[in-house]
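Here's a solo chain for you in structure tokens, the form predicted alone.
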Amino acid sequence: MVNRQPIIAVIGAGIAGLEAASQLAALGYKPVLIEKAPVVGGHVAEWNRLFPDMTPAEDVLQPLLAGTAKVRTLLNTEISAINRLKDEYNLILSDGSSLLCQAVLFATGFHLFDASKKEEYGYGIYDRVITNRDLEQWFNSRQDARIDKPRAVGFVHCVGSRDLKAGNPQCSKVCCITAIKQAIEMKEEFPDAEIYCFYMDLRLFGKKYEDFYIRAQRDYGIHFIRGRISEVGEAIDNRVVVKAEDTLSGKPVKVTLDLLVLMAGIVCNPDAQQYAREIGVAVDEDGFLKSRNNLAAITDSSRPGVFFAGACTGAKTVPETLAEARSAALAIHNYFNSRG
């Protein structure tokens, strides 16, 4: 336990910010969580269940909320500017106040790619084309007139990921496994529905991910079609007509769906990029914040006193995000100890 109590600004109160703040508080520091939304929890707070074990998102969030119950948390608060001083950082907040801190932790998370930019898929054009976020909201609320006992549902992987034209050549890492999770959930909700996943190739590298995929085929009868969709249209009854080529069989595929779900990819939070520029932190070629070392110092920036946790440096799973948050807290602890 340190004798002094340096103040650390933790920007973002998603699971990375919450976990890091909890660890920093336990180490004797004074973290201040700054969150632009009216609630904490970030994207995970919007999810219903988490892959690959179908764990309720609430089960992950509750311990994090308990760990930060005594941490100063500023909701509905944006950062108007960050000024770098000699050994400190001064944050000008949207309410006109300022926060002087001795370290800054970026836990700014990610944004989902705007699927309407991929006009060929029909999001915002055809009523029954939705995104992974829209579907997740339905799992939580059961309120979406577009989802009404569908007989056929399709999922499109890599929408805005691995796509030079979309400006995001990187893999979003969790789209494949999220599609499988949501496909299984839809099959559970509508057992008689035919479920299709259209993919380029499946990237399933996490623990139990491959088992999850096998279960989707074996136990739920979900159809996996390798090949990009070439055309999306709307039938006279407002159903969605999808044309693709099955590159494994070499045959064209045409299916009519009641619902088409686009797996929007992950891009860096533009707020993080703005803050980084203001204090001289590098942004990488992929648009995410640039770590000092991608192997041994992923949570360190090139600027003393500035650290990263979670998806601000690239797409991450929940376990990776939590692990990085703990690592970042320890890196901050070591940073202060090294200064004496």
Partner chain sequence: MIYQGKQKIWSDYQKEIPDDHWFYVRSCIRQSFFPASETHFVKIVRDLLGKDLYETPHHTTCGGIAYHSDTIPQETAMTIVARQFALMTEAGYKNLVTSCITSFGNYCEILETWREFPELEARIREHLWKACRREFEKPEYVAHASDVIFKLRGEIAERAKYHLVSRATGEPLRVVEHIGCHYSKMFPHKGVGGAEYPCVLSGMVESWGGQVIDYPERRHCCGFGFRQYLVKANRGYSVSNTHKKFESMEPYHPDMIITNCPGCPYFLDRWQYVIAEQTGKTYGQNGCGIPALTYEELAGLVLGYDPWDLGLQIHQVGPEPLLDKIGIPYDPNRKYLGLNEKEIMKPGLPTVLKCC
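Residue numbers count along the first chain shown, from 1. None of these values were measured; they are calculated from a predicted model.
Here the subject shifts to the form predicted together with the partner chain, a form of this protein not shown in this document.
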For this session: Tell me, yes or no, whether I236 is in contact with the partner chain in the predicted complex, where a contact means a heavy atom of each within 4.5 Å.
Result: yes
Exercise. With a 4.5 Å heavy atom cut-off, would you call V241 a contact of the partner chain in the predicted complex?
Worked result: yes
Exercise. Using heavy atoms and a 4.5 Å limit, would one call I82 a contact residue for the partner chain in the predicted complex?
Worked result: no
Problem set entry | Contact of Y126 with the partner chain in the predicted complex (heavy atom, 4.5 Å) | yes
For this session: Kindly indicate whether E119, G122 and E231 are, all three, within 4.5 angstroms of the partner chain in the predicted complex, using heavy atoms.
Result: yes
Problem set entry | Interface stretch in the predicted complex with the partner chain - options 241 to 249, 72 to 80, 104 to 112, 136 to 144, non-hydrogen atom within 4.5 Å | 241 to 249
